[in-house]
Every structure is written in structure tokens, then in C-alpha cells.
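Only one chain is included here, represented as C-alpha cells and corresponding to the form predicted on its own.
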């Protein structure tokens, strides 16, 4: 059976007032690919993610998910339910403990959630991201930055989504912890054979994780290819990223 393209973006434009944030963005994400979108701060990476997630309306163009064009708000919600997202800020709820944060989507959307079952599943995800089960009752304020990031990743994989999205996963982490998180993401994506998108300004993360790289600058795609092609590229922006 031929596998359908997971996500396809066609000629996407995003304007805020008279300012054009995204300019004619197009790309495809195939099953089990890990697309890494790189670019400097303000390049438009996070806005692109918000458009894919339906958190921002697009000004023109099309977004397809599993071959179907996303248009109505009901369609956006269906897509969002099939995505697992780890936000840059982790977006953990201060008033909920660790396991409740991980299970949040099901805990507060199901009519009669099984608390014991969801807690057990949340603890399994904790262990999957390398955290001990005894932190399940702790609150985000009681966790280190690295632990919070792992909890965010655990939440993103909790509902077994079709596609994983990581938005700047190493922001705010020291170099040692950054390497651990990059390794963890690679392990999760490879072992689960998930399709994934990672947004970053870190070229080392891109070279380690990506099967495909897109460089965005000034709201438009300036370069695309794989890590090997990036190493050989004569594109000035790619060279700047590779040279740090």
C-alpha cells in the first residue's frame, strides 16, 4: 500500500496587517521523515508551526494532512488531535502535577476518564523519557529545566500521535543537557518510526536528527536538502550556520 504524504504545504503566505511574515512556503513531509526547519530568530519558524497547528490562520495557500486539505475549524481540531507537540516554553500547567500534565489532553477531554489508567500510562511515558516514576506527583516548579523539557516530550507522545512536533527543544538548556535532549528525541522518533518536525536555530541538532532540512530566512525557504547536501552546499546562509 502506498503511504500518503503526511503534511504538504502549498504556497503558504501569512500577513499580519501589511507585514508579510511567511512568503510562498511549500514543502512535503513524507511518512517516517524527520524534517528539521532551521533559521535565525524572527525568520518565521514559529509562525509556520502555529499555522500548521491551526493556531494561526493563513492568508493564502493550502495545508494538507494525509492528503486532505485543511480548511474548516472542525478539520483543524481533528488534525490537532493527531499531533504531539512539545512547545518551546514546555507549556506545563503550574497547578497540575507531573502526571496530570502528561495526560492532560485525555484527562480533561474524555467524558469519564479512568484516573488510575491514565496515571499508569503517564508514568510509563515518564520512564520512556528517562525520568523516575516518583516525580509523578511533583509540580513543574519542583522540577529542573531539563526535567520539565522531558515532561513536555512525555506529554507530546502520550496519545500516540501520528506526527511529533518539537519547537526549539533545546532553548534554555546548557550544552550537556541539550545533547541529552537531542539524543532522546532521536531515540523516540527512530524507535517509534514516527514522522516528525523539529524547529530550531541549532545546526548541530539539525545535522543529527534530520532526514530533510529546510532553511527559512525572512519568511521564505532559502534552501532545502538533507544533512549531507548541507555539508556540501555553497549557500551562504547554510555556511554561516555550519560555521556557527
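Because the structure is a prediction, the values reported are computed rather than measured. Numbering follows the first chain given and starts at 1.
Absent from the display: the form predicted together with a small molecule. The rest refers to it.
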item: Close approach of residue 63 to the small molecule in the predicted complex, 4.5 Å, heavy atom; value: no
item: Exercise: residue 195 in contact with the small molecule in the predicted complex, heavy atom 4.5 Å; value: no
item: Residue 191: touches the small molecule in the predicted complex, heavy atom cutoff 4.5 angstroms; value: no
item: The small molecule contact at residue 31 in the predicted complex, heavy atom, 4.5 Å; value: no
item: Partner-proximal stretch of 42-50, 177-185, 202-210, 63-71 relative to the small molecule in the predicted complex, 4.5 angstroms, heavy atom; value: 42-50
item: Contact residue in the predicted complex, chosen from 21, 9, 230, 221 - any heavy atom within 4.5 Å of the small molecule; value: 21
